[in-house]
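The form predicted alone is given below as one chain in structure tokens.
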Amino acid sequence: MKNIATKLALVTGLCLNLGFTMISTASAETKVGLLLPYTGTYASLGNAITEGFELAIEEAGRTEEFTIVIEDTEMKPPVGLAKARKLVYQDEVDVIAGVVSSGVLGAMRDFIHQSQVPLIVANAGNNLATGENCSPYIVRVSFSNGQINRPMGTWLSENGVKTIYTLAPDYAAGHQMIDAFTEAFTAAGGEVIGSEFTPFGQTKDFGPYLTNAQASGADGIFVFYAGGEAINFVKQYGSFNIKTPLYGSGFLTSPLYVEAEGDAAIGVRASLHYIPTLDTAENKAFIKAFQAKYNTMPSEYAVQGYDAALALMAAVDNGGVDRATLASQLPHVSYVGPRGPLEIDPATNNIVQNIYIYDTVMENGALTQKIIDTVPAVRDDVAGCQM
């Protein structure tokens, strides 16, 4: 999909059941830069976000209203920054959407702020982007690394897990995920008795780390892994027959690749902002449309792409026909979507949303998600953000 420019287009407003009020149809075409990884460890995430984004625009009947220019970050911060510059200066996009890696987002931040081109973050959870390094031109519709993990830290401690061993890849997101979990877990009375970070994108054998975790005697192991690393980690957890319960950020057992993890995923408890088994009208409609188009169940990544497009269309409908107006309208997005009620907090430009605690279970011969608890309307502290 690298360097493919896709023409998509026009016309009537967003579905009213999503809570958008359409003021007018944009008088001019909007050019969107979709900046995602299509190669490497997180290629599947980039493809899923793209699928959700394109579905939302097609579903709204607006494919001729938007020109989409697709670029591959390759999960490399320098490449991501270079591609962002291309999209702004060469392609002259009105808005950029996407970005999976926290490292890529960090590398892009100053350029986005200085160029004043709005960025809709559809995955990267870099806390700083909506914290002390926030910008009026950066709006996140996915999650922050802290937002996903703080509720799980508190929940585990309050539900009898008193000691934890943590594992995560050694890069920005890995550290922020674990730091947020640790802070909440210890504040609620728990104790982290060991922690290791594995070389990102290079670790094939998790055996030594799993052995250390089990030998620690901790009540549980809490981890953050995603994409190919998540598959390898969970499969090895199962093959080593580790008896210590496994907990994590929900990306560990994402519906996108949980089938590849097999029976080893059964019983893993995690926290996430979207679960396909949510029993709501909005989610059922989304799943029906997604399955009809792609013949598979949607993941949290697909929902993030879907919501990035919904937010963009809402901003356009409220007068966002240029970069400045789009940037000013995006923080005011608020609706009920597939993952539940959500809004953008104008104090940080980060999303406010439910976080779901769930188990991976086997039902009718297939792996699925069973919701255990819901932590409603989770929002981040301002954390030094000054718009």
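Given the structure is predicted, the values throughout are model-derived calculations rather than measurements. Position 1 is the first residue in the sequence shown; the rest follow in order.
We do not show the form predicted together with a small molecule, though everything after this point is about it.
A.B. asks: Check whether Tyr356 has any heavy atom within 4.5 Å of a heavy atom of the small molecule in the predicted complex, and answer yes or no.
C.D. replies: Heavy-atom contact with the small molecule at 4.5 Å: absent for Tyr356.
A.B. asks: Given that the partner is absent here, does Tyr42 sit within 4.5 Å of the small molecule in the predicted complex, heavy atoms only?
C.D. replies: Because a heavy atom of Tyr42 falls inside 4.5 Å of the small molecule in the predicted complex, the answer is yes.
A.B. asks: May I ask you to check whether Thr166 falls inside a 4.5 Å heavy atom distance of the small molecule in the predicted complex?
C.D. replies: Thr166: no, not in contact with the small molecule in the predicted complex.
A.B. asks: Considering only heavy atoms, tell me if Asn283 and the small molecule come within 4.5 Å of each other in the predicted complex.
C.D. replies: Output for Asn283 is no: heavy atoms all beyond 4.5 Å of the small molecule.
A.B. asks: Counting only non-hydrogen atoms, which stretch in 107-115, 223-231, 262-270, 82-90 is within 4.5 Å of the small molecule in the predicted complex?
C.D. replies: Stretch 223-231 is the one.
A.B. asks: Could you check which residue among Phe251, Phe181, Tyr274, Tyr306 gets a heavy atom within 4.5 Å of the small molecule in the predicted complex?
C.D. replies: Here the answer is residue option Phe251.
A.B. asks: Check each of Thr73, Ser299, Thr130, Asn123 and return the one that places a heavy atom within 4.5 angstroms of the small molecule in the predicted complex.
C.D. replies: Selected residue: Asn123.
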